[in-house]
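Consider the single chain below, provided in structure tokens and representing the form predicted on its own.
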């Protein structure tokens, strides 16, 4: 009887001890970052998630600046935000691959409190088929462009930070930045790179009261997604079908809420939440409750991850078998025609 009582007491005390231990060690500490009357600068802000973020930030009383390459699209975005919120946003036309152009835009915009590095290009194609020029373009925009933006904005963000309150740098990654998918070699490489950038950068800027976030949206219903799907390999569509597309407004709300709470990892749907736990690794975690979930669920989610991999590789195997059968059938047909 005493042994059974001790067992039940242990069942209660061990989780409580773990919670207390995680409360002591989770870093950085929780924070709330106000957005009202503060300057948010959003790249890729003329369409898709960036435009939805600009709408939401303006409606919450932020001073908004948006940057993209096309001045015409920027003007359209500015008019749309003015019509929906009654607020004017500042617009800057620049290519994030051009550091000098980005630096001029940042200097003109003035000190930034929230930097959202949202620009991105995506072309799904097998690496063997994809031209290296296209691979370089994807990496230059998604990864090098992010370095350019942060490098340009950081000195102004650090200046007078104590007087201006906490700041934020948010990087728009992707669920393809958490797990590699067939046909996403270049895109995943660029988005996985953002994670290393974000983890190291958070350590560099935490002493300046600047907090880094990494957003992991799934496929999002944007004009770009329609174009992407035109070239997407069929096998990519089969494997990625388990994650449904979200609306840009939904992603923007999840992203902005996470940024304001200083969350390092910001998933956008239930699958993204599970991926965030499964891939937590050495990423910082502000919430000791989420740290508890990560610790307890890690083993089970590794099993789930292996099940997903089993399913994906099964799909790949079936696909190649089907291609082989079709090729053999075609060869036999051609041989029959020749013999006739």
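Positions refer to the first chain, counted from 1. As the structure is a computational prediction, the values presented were derived from the model and not from experiment.
The same protein has a further form, the form predicted together with a small molecule, not shown here; the description that follows concerns it.
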Could you work out which of 73, 260, 195, 254 is the residue within 4.5 angstroms of the small molecule in the predicted complex, going by heavy atoms? 73
Which of 186, 205, 150, 141 has a heavy atom within 4.5 Å of the small molecule in the predicted complex? 141
Only one of 170-178, 127-135, 155-163, 104-112 has residues with a heavy atom within 4.5 Å of the small molecule in the predicted complex, and that stretch is 170-178
Does any part of residue 122 reach within 4.5 Å of the small molecule in the predicted complex? Heavy atoms only, please. yes
Contact label in the predicted complex: residue 118 to the small molecule, heavy atom within 4.5 Å: yes
Does residue 249 reach the small molecule in the predicted complex, with heavy atoms at most 4.5 Å apart? no
Contact test in the predicted complex: residue 85 vs the small molecule, heavy atoms, 4.5 Å: no
Would the small molecule in the predicted complex be within 4.5 angstroms of a non-hydrogen atom of every residue among 67, 97 and 220? yes
